[in-house]
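Next comes just one chain, in structure tokens: the form predicted on its own.
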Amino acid sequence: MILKTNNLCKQYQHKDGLVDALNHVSFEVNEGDFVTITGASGSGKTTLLLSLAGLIHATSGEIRIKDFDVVNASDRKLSDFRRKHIGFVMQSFALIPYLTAIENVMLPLAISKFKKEQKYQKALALLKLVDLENRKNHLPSELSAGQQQRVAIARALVNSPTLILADEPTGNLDPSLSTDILNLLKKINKEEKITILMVTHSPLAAEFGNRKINLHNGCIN
């Protein structure tokens, strides 16, 4: 088991009262799983993903990743844990526009102990993995949407994470490009043995997971 939540709750204060964004959510994820998280808009999908990463603080309950206590950890320990163990793939790609593809992939290694050439070679190997080695010196504006997401996936892998958290990674892509990215994530899951949790509203994308979690009003349905 790589991840476990137990009675996870997240409440927000609203002018009309408390909103239960997550309501006693409990599940386990095994190493090597590809878990898809689905549900209607407002069901708590993104809140769950951000809570797992410790980017928002749960109101109550338990989150453990590799036996690390996410809920009770300090901000400093959370930041260090994320850097070492979690890769993020976002809908918006979140690439730095004035950096080349390879520089974007190298970015998370900025404070690592690797020498510059080691960082470069590691980033180059990952661009090769996502079939973008020949675009390494292109800026994001010179890449298609699908290519930008491939760069973002390579960047998510550069610290050799235990877990990838993907939030609507195909949300900005047309169906053909979406399938390409989903096949790439599946390849990484199988060949690199990296566990993936992916939030998606797409029925097609949901089928790529070997496990499915559906949220409804903050509860596992």
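Residue indices: 1-based, along the sequence shown. What you see is a predicted model, and the numbers here were worked out from it, not measured in a lab. By rigid core we mean the largest C-alpha set that fits within 1.5 Å across both forms.
The discussion below concerns the form predicted together with a small molecule, not included here.
Remark: L204 does not count among the residues lining the small molecule in the predicted complex, judged by a heavy atom distance of 4.5 Å or less.
Mapping the unseen interface onto this chain, E168 counts among the residues with a heavy atom inside 4.5 Å of the small molecule in the predicted complex. Contact annotation: V19 falls within 4.5 Å of the small molecule in the predicted complex, judged by heavy atom distances. At a distance threshold of 4.5 angstroms between non-hydrogen atoms, G42 is in contact with the small molecule in the predicted complex. Checking 151-159, 33-41, 180-188, 66-74 against the small molecule in the predicted complex, the stretch whose residues place heavy atoms within 4.5 Å of it is 33-41. G17 is among the residues whose C-alpha shifts by 2 Å or more between the shown form and the other one once the rigid core is aligned.
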